[in-house]
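What follows is one chain in structure tokens, specifically the form predicted on its own.
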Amino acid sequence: MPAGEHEHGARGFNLDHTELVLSANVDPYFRGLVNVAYADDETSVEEAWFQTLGLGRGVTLKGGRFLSGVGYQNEQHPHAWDFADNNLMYGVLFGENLRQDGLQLKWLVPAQSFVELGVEVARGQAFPGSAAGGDRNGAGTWAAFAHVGDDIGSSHGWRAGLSWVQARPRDRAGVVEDLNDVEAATAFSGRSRTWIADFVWKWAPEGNSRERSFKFQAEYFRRSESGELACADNSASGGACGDVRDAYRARQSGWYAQAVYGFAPRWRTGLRFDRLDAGSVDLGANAGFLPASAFRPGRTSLMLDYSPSEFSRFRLQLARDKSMQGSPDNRVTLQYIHSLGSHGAHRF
């Protein structure tokens, strides 16, 4: 069940969200970060967290609101993406990113190779959880992840990971079209489990990515949900739903793979493939009102970008978008990204 209405991207000139980031060491024991996003008349706190500095032995504790450490792209803000829009996989799983209001314990294992282990407990008010599911004492979402990586010579590096997310949504809202093609409001309560596998490979001659570089990135997810699904009565609008609540079970999957090649100083080009699989869905008694679609959304994107410096980037992107059944898009996007002021180094 989708988290809400899915629409085509807005046409013409648009200002996407603007981020204001403040970060500093609080004292010898903690550092903090605040990231506030502005979009027209809306303001949201994307991140606001503290992190320990002095626990030692590679252990850190983070608390507040933060981007979860699951997967690979989840900890990246939109300005750091290699394409103008998010991949379909993350759009389906988390909307943009999985944000946690809670605690994260991470251990960077003291070893010759890169080994990172982490666990998170959080309120769970965001998808795949829900506001009602997060209205509890204790945790509504749990997550765990493991990442490993290493260098191969002076020109190659890789990282692989496996992550797990479990949420307990209650009355999580969704909007679908019923068998009469009338909009129907749904509510899911139960348990949601997601596994994510990620892999990244980077190449740059002798580590000099300014001249030439190559990056391959791929992630795969498998999600299972079980519980109860309610379809609100929409008969007054000619709909088929009759306010029935019954068992619901689904197993779904998806992936994306992308490659970005820096073929000259400041110039890059990239290709991305997105695919989703509706998998198996058991709607119980609601099968008499709601269709179980076998549609497999997909998208292919091609981009070219130019970066005059590390603070500015211009990007042209072409996409054939088949993510909405019966309503494919051909998209042309021209994007600019400007970063004002100092900022931390980008992640691997």
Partner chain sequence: MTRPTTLLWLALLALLARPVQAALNVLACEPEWGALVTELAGDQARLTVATTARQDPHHIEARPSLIARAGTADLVVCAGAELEAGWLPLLQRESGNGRIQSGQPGYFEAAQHARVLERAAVADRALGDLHLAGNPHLHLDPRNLLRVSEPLAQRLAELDPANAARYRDRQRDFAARMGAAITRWEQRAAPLKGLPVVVQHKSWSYLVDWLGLKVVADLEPKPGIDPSAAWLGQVLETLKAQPARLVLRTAYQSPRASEWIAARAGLRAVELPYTVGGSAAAKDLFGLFDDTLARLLEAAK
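Model, not experiment: these values are computed from the prediction. Residue numbers count along the first chain shown, from 1.
What comes next is about the form predicted in complex with the partner chain, which does not appear here.
Of the stretches 250 to 258, 157 to 165, 89 to 97, 230 to 238, only 157 to 165 has residues with a heavy atom within 4.5 Å of the partner chain in the predicted bound form.
In the predicted bound form, the partner chain lies within 4.5 Å of some heavy atom of residue 106. For residue 146, a non-hydrogen atom is located within 4.5 Å of the partner chain in the predicted bound form, even though that partner is not displayed. Within this chain, residue 291 is remote from the site of the partner chain in the predicted bound form, having no heavy atom within 4.5 Å. Using a 4.5 Å cutoff between non-hydrogen atoms, residue 314 does not count as a contact of the partner chain in the predicted bound form.
The listed set 81, 273, 199, 195 contains one residue whose heavy atoms approach the partner chain in the predicted bound form to within 4.5 Å, identified as 195. Within 4.5 Å of the partner chain in the predicted bound form, a heavy atom is found for every one of 51, 210 and 339.
Residues of 27 to 62 lying near the partner chain in the predicted bound form, listed in sequence order, are 28, 31, 51, 53, 54, 56, 57, 58, 59, 60, the criterion being any heavy atom within 4.5 Å.
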